[in-house]
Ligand code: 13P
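Coming up is one lone chain in C-alpha cells, specifically the form predicted on its own.
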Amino acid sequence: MTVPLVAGNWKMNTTVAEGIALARSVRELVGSPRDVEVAVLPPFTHLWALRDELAGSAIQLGAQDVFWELAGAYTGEVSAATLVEVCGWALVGHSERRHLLGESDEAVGRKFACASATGLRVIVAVGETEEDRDAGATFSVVDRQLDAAFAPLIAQPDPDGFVIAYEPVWAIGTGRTATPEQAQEVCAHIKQHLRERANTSPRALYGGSVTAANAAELFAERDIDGALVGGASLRAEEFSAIVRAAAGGMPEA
C-alpha cells in the first residue's frame, strides 16, 4: 500500500504567533496518524518557531519555495542549504508562482535539482489552466512541465525524495474542484509519463480546493496518493479531517 502524503500550504497567511497556535492545534488534532505522512508549509518567517513547536510530533515541516543556488548575490531568495537545517520539504512550481510571478518551467527544474541535491524532499507542482483544458492540452502541458522539472537533475532522485502535485490552475482557491475521475486521469498519466521518461514512479498528490467534504472521494482513486491542501489547511479541524480521510481512504495497490 502506498503511504499517502497530506501537505498543508499556508501560503502568505498567519502571523508567526498565529502560525504557532495553528501548528499546535494541528499537532493536537492529528496526533500520530497511521499510514499517512503529514506536513505543513508555512511562510519562511515561521520555520524556526514551528520547528520547535512540532519537534517530536508526526507533523513534518516544509518551505513554500526555494532558490536554485546555494549562496550568492540573490537578494530576497532563500537557499536550500539554509532550509535543510530547519525543514524536510520544499515546494516548487506552485501555480501562483508560475502565473502570478512569472516563474518559468526551467526555473522550476533548477529549483528541484538544487533542493534534491541538498537533501530536501520536494513537492513538484504541475497543472494546466482552464484554457489549456478546454483546448484539450492538459496532458501536453503537464508533460512539458514534468520534462522541464527533470531536465536539470544530475542524478536519479529517490522516488521517496519527491512527489508530484497535480493542481489544475482553474481549481486553485476557486472552490471548483476537479472531479475524482479528472484528477485520477491526470495523476495516472503523470506516473506513466515519469515511468517512461525518468524510470521512476513517485506518489501523485491532488491539489485544488481540497476540503474535508471531498477528500475521501478523491483519495479513493487508485493513483491519487494524497493532497496538497490550500485554504482548508488554515483550519486545524478541517485539515485533520482530511488527514483522517487519507489514512482510511487509500485503495490496495
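Numbers follow the displayed sequence, beginning with 1. Because the structure is predicted, anything quoted here is derived from the model rather than measured.
Omitted here: the form predicted in complex with 1,3-dihydroxyacetonephosphate. The next part is about that form.
Asks: Have a look at 178-186, 165-173, 130-138, 114-122 and name the one stretch with heavy atoms inside 4.5 Å of 1,3-dihydroxyacetonephosphate in the predicted complex.
Replies: Among the candidates, contact is made by 165-173.
Asks: How about G208: is it within 4.5 Å of 1,3-dihydroxyacetonephosphate in the predicted complex, going by heavy atoms?
Replies: Contact check for G208: yes, within 4.5 Å of 1,3-dihydroxyacetonephosphate in the predicted complex.
Asks: Would you classify E96 as touching 1,3-dihydroxyacetonephosphate in the predicted complex, given a 4.5 Å non-hydrogen atom cut-off?
Replies: Because a heavy atom of E96 falls inside 4.5 Å of 1,3-dihydroxyacetonephosphate in the predicted complex, the answer is yes.
Asks: Does at least one non-hydrogen atom of V229 fall within 4.5 angstroms of 1,3-dihydroxyacetonephosphate in the predicted complex?
Replies: Yes, V229 is a contact residue.
Asks: I'd like to know if R24 sits close to 1,3-dihydroxyacetonephosphate in the predicted complex, meaning any non-hydrogen atom pair within 4.5 angstroms.
Replies: The answer is no: R24 has no heavy atom within 4.5 Å of 1,3-dihydroxyacetonephosphate.
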